[in-house]
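One chain is shown next in C-alpha cells, namely the form predicted alone.
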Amino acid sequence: MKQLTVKETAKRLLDAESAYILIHRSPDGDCIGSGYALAEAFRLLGKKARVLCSDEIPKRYHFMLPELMTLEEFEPKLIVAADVADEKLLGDALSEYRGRVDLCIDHHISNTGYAEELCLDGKAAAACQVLYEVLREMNVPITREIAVCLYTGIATDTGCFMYDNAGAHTHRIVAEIMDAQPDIRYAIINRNMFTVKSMGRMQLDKILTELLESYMDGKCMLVCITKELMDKYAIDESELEGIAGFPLQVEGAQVSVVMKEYEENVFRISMRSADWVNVSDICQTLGGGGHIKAAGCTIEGTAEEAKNVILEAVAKGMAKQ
C-alpha cells in the first residue's frame, strides 16, 4: 500500500478514463455522498463512472442520486473505494473486488491499507471532506449535485456539526461549499436528515427506550435488536439507520452500544462515545474499528453471548483509558 497526497490522488483520478466507485454495505450519508460526488466529477470531466454498493441506497438518501446514472457496460480503468476502511465492509455482493481496489479515499484511522494506493486523512470529519480537497486540486467545479453530496456527507458524519470532529477546517470547507452553491436549501437537508422521522421510526424510538439496558453504573447503555423483535414490531431495516447514538441521550452515558442481528446469531455492533472513551480501540479488539467516537464490529453468537463479549470488551477498554 502506498500513501498518496491529495495532489497525487488528484492526478491519479485525472489520469483515469473510467472508474467503478465502491462504497460500503449499509450505506450512510458519507459513503453515498463521496461516492456519487466523485462519480459526478468524472462525468463532468467526460469520463465514465459508476457507484457500486452491496445494499440498496436508503430512500431518505435518494435526493443525492443523479437523475441519469451510467448504465452502459464498460471496463473500468480504475477501481476506487470511498469511505471504506476495510474491504470486508464492501459486503458479499462486491466480494469480487476484494484485493482489486486500486485507490481508497478515506478518513478512518483504522483503515487496513487493503488498497494499492491510499489517500487518508484521519483528522478529517468525513470522507467527503477529503474528497472536497481532492476535487479542488482537480479543478472540478462544485456543481449543485456535488455540493449536495459533499454537504450531506459531512453533515451526517458530524451529527449536524455537533461532534468533536467538526473543527474549524471542516466548517471552512462547508462554508466554501455553501458559497459555491448558495441557492441549495441546506436547512432542509438538515431537517430531513436529523429531525423528520417516519411514524414507524417514532414508534421505534418508544420501543428502543423500553429496551435500553444500563451497565457500569450507567456509563454504558446498550440496546439489542434481534430479528425476532423486528418481526414482532414490523420494524423495517431502513428505520434502524441513525440509531447508534440513541442510547447516548441518557444522562451520564459515556458509551452507546447498539446490537443489530442481520443474520441468525450474527450481530453488527455500533458503538458511540460521548466524551473520553475511544470506541475504535474497543472495536479493534473485537475485529472491527472506526473512529475514536464512532466505531463498529461484528459478533457471532446468541444475543446473550454477543452481549457478554461486548460488555467485557467495553469494561476492559474503559478501565485502560
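All residue numbers are counted from 1 along the displayed sequence. Basically, rigid core = biggest C-alpha set you can superpose within 1.5 Å across the two forms. Computed from a prediction, not measured in an experiment: that's the story for all the values here.
A second form of this protein, the form predicted together with another copy of the chain, is not displayed here; the remarks below concern that form.
This chain appears without its partner; in the predicted complex, the one residue of Lys232, Lys123, Arg98, Arg185 with a heavy atom within 4.5 Å of another copy of the chain is Arg185. Note on the interface: of 258-266, 46-54, 273-281, 24-32, the segment with non-hydrogen atoms within 4.5 angstroms of another copy of the chain in the predicted complex is 273-281. Contact annotation for Gly167: at least one heavy atom lies within 4.5 Å of another copy of the chain in the predicted complex.
Residue contact with another copy of the chain in the predicted complex: Val196 places a heavy atom within 4.5 Å of it. In the predicted complex, another copy of the chain sits beyond 4.5 Å of every heavy atom of Glu72. Residue contact check for Leu248: one or more of its heavy atoms lie within 4.5 Å of another copy of the chain in the predicted complex.
Shown here without its partner, the chain carries Tyr61, Ala127 and Glu228, none of which come within 4.5 Å of another copy of the chain in the predicted complex through any heavy atom. Shown without its partner, the chain has no residue in segment 116-133 with a non-hydrogen atom within 4.5 angstroms of another copy of the chain in the predicted complex.
The rigid-core alignment places the CA of Tyr186 less than 2 Å apart between this form and the one not shown. In the core-superposed comparison between this form and the one not shown, the C-alpha atom of Lys88 has shifted by less than 2 angstroms.
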